[in-house]
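What follows are structure tokens for two forms of the same protein chain, given separately as structure 1 and structure 2.
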Structure 1
Amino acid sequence: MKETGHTDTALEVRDLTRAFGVRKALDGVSFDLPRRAFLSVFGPNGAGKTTLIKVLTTLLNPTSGTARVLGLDVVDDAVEMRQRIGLISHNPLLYPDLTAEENLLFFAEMYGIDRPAGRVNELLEAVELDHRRLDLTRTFSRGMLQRLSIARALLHRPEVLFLDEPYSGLDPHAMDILDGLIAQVRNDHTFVMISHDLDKGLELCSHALILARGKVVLFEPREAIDEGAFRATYRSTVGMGVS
């Protein structure tokens, strides 16, 4: 029974556990996220945020429990699911020895996009890099790389976008551009973002989740969140004054 894509839930995570021996990176994580929501995932280092994203993007298999993205199981329907999700990481995930255009064309081929040249042009314009299209990405600044990386993630028109600390290492101008790009696609996409930046994460999100030691400490829609209490909870998971 595959109700592929017709559910209103974007993410359906049930008792998700990821363990190797006694160490549990994820320990019984469960939550539901509606479509077109923006989920911010907070938590200290080693809380399991990256593991969660890797499981939800099919890069890692869960040890037990299930996760469905757009109604598709992360294990059984992995190939189909990859067609409908995108990842923007703090790593640009681009080949430094290819030009901007070649990078996008390469990934367009990987996603089997029809008439890739047109789509690539469109995206290069959208991220304001069409004047640098023939330059090797090796020569790009951090901000430009991140913009190109967004273009790469949007190539195949994914419905769910995963953001793994996309703001880290960006200068304020690049952050503004990134904000603008996210705002453009905000309304017809579901977002899952990992962030260390509490202000930024809360500003963007419609739902917030705090992970600690692989467990869900808190999962609430933005409206229900009392900021003071939320900050206190977050700080308690980080512990000992580290923020």
Structure 2
Amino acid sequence: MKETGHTDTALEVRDLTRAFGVRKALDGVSFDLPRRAFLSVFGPNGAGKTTLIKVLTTLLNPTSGTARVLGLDVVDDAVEMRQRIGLISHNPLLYPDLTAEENLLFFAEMYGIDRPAGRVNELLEAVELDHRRLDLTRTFSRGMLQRLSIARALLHRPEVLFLDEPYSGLDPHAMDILDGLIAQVRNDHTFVMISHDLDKGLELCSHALILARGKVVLFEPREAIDEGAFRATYRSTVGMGVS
């Protein structure tokens, strides 16, 4: 059931658990994130970071507990929620035998975007791929695919954008492009980003979360974080990964 309250809250996570057999990838995760916040999620390999993103983006159902994004339940309201979120992941979610332009037009049609050609042109220029618009995406480098996937995720102007290691595979120029796009839309959107780069994650975030073995080790607003203590806490989790 939808809730109309909590208008200033983007994410409400309560005792969220996701098990794979006997192993709990998420184990009682709880936190609230206000709208227009930027959450950086840190933790060792196997900490549950990607599982958390998959649950919050409706790609996995929780085993127990609840999660709401923009007041919508990730299970009961999944269809409506997908219209209001975007995801950039390790998988670019693009069709290799379509051109860059065809890929974006396809997704624009799925989202019911008005005047899709104009929006596609705008984003191809923003990620500096307009000169490759008619090339098949299977000819693109890893970094170019990542840039196009960023355009795909932004097409419908999502209210919440989930980023799973978005800087992975990007060259310095492409990283600058992504930084610029985030800066352009930051004030009107909520971000949740997984990162292994403490410097970049702390630079961008308004809130930080450390996961280890599926549990919340730390969740704090940026202004409350002592960087020395934060880095020490993070280092202490590195040996806590799950193979």
Partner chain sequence: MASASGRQFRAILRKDIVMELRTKEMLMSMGLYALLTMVVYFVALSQAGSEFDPRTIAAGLLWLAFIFTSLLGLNRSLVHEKDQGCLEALLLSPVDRPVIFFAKVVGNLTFLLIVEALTIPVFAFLFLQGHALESGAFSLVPLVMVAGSIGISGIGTLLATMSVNTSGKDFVLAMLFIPLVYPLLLGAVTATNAAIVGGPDAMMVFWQGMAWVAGYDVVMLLASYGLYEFIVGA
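Numbers given to residues start at 1 and step along the sequence of structure 1. For the two forms, the rigid core is made up of the largest set of C-alpha atoms that agree within 1.5 Å on superposition. In this text the structure is predicted, and so the values were computed from the model without any measurement.
Taken from the structure described as the form predicted together with its partner chain is structure 1, whereas structure 2 is drawn from elsewhere. Core-superposed comparison between structures 1 and 2: the CA of residue 71 stays below a 2 Å shift. We note a C-alpha movement of 3.1 Å at residue 143 between structures 1 and 2, with the rigid core held in register.
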